[in-house]
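Shown next as structure tokens: one chain only, the form predicted on its own.
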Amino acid sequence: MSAEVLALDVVAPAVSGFIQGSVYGLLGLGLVLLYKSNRIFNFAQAEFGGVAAFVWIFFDTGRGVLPNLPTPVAVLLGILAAVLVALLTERLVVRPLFNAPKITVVVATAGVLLLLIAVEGFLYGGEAGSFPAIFSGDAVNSGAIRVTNQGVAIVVVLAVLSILAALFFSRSPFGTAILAVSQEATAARLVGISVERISALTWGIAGFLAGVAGILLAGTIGLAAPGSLTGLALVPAFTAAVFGGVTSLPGALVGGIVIGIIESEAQALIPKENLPGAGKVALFVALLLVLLVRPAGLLGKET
């Protein structure tokens, strides 16, 4: 196998998978954060990112009566919208169900997902629309391997947010409080920690992570429709969270990157006529193997 063929068949998919997996990791980080604090999986996580993407494009293009704002301002408004939707979900849906069975809360988040898709469809329409890359141009383009500036931005954002998350949970009192609530909510209440405030903070952070991921992912794909980001990224993000360990924040990031590379390599190396959807099949095979060998995930601990 020549060096050029190796680059085309192995290295190039690994690079694109790393970038795609970084987005999965951001979404997975939010899923793990909510699982640690509330012991639920949030089915609306990816669609929080969809909300951010649509609000961004609405203000970036001046849709309807909305003003045409500079892209950085539109992006910021999109992320803020994702945070607001996450906070409203926590306050109006999750908090009233604090004492309900966890499965009830999980089903409620699925209801939030359907509601968000319906609202997006009402405001935007059911057809896919164009979402331009925030960072245009190529950082690397050697023929065999192409890395866009958007892809570099995704990796940089993942690295920065990973460092900030590590500092937040190890150095800040709010991060310590979130970890305390995740381990024993009753004991946390006894020492004066407001479980309700911590829950709102956790959902706000999850909304922020989803908003960043949604905007970067929509710009990378170039097209998006109501619910499309959930269809594209929710299952890989869930897989990344479980793969890395649903109790491990670093595990979600590592799991996302590994899942992205596995999916991309399978799509590149396995012909479609031999195995349609090879990337998704490889993704679930990898997840199954991890669950059989290490049920807690690569970096997770038994709960």
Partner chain sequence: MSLLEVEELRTGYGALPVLQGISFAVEEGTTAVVFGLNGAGKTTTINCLAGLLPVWGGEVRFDGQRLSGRSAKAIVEAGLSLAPEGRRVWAGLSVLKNLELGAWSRKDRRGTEETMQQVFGYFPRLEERKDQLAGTLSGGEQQMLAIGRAIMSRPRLLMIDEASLGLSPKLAQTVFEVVSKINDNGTTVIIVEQNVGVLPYADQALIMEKGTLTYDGSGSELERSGELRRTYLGEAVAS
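Source: prediction; values computed, not measured. Positions refer to the first chain, counted from 1.
Beyond what is shown, the protein has a form predicted in complex with its partner chain; the following relates to that form.
When contacts are judged by a 4.5 Å heavy atom cut-off, residue 187 counts as touching its partner chain in the predicted complex. Among heavy atoms of residue 122, none comes within 4.5 Å of its partner chain in the predicted complex. Contact annotation: residue 157 falls outside 4.5 Å of its partner chain in the predicted complex, judged by heavy atom distances. The closest heavy atom approach of residue 177 to its partner chain in the predicted complex falls within 4.5 Å. With its partner chain omitted here, the record of contacts in the predicted complex names 169 to 177 of 110 to 118, 84 to 92, 169 to 177, 226 to 234, defined by a heavy atom within 4.5 Å. Remark: none of the three candidate residues (34, 99 and 102) comes within 4.5 Å of its partner chain in the predicted complex, counting heavy atoms only. For the candidate set 149, 71, 141, 183, a heavy atom within 4.5 Å of its partner chain in the predicted complex is found for exactly one residue, namely 183. Though its partner chain is absent from this view, in the predicted complex it lies within 4.5 Å of a heavy atom of just one residue from 161, 76, 106, 193, which is 193.
Taking a 4.5 Å heavy atom cutoff to its partner chain in the predicted complex, none of the residues in 242 to 281 make contact.
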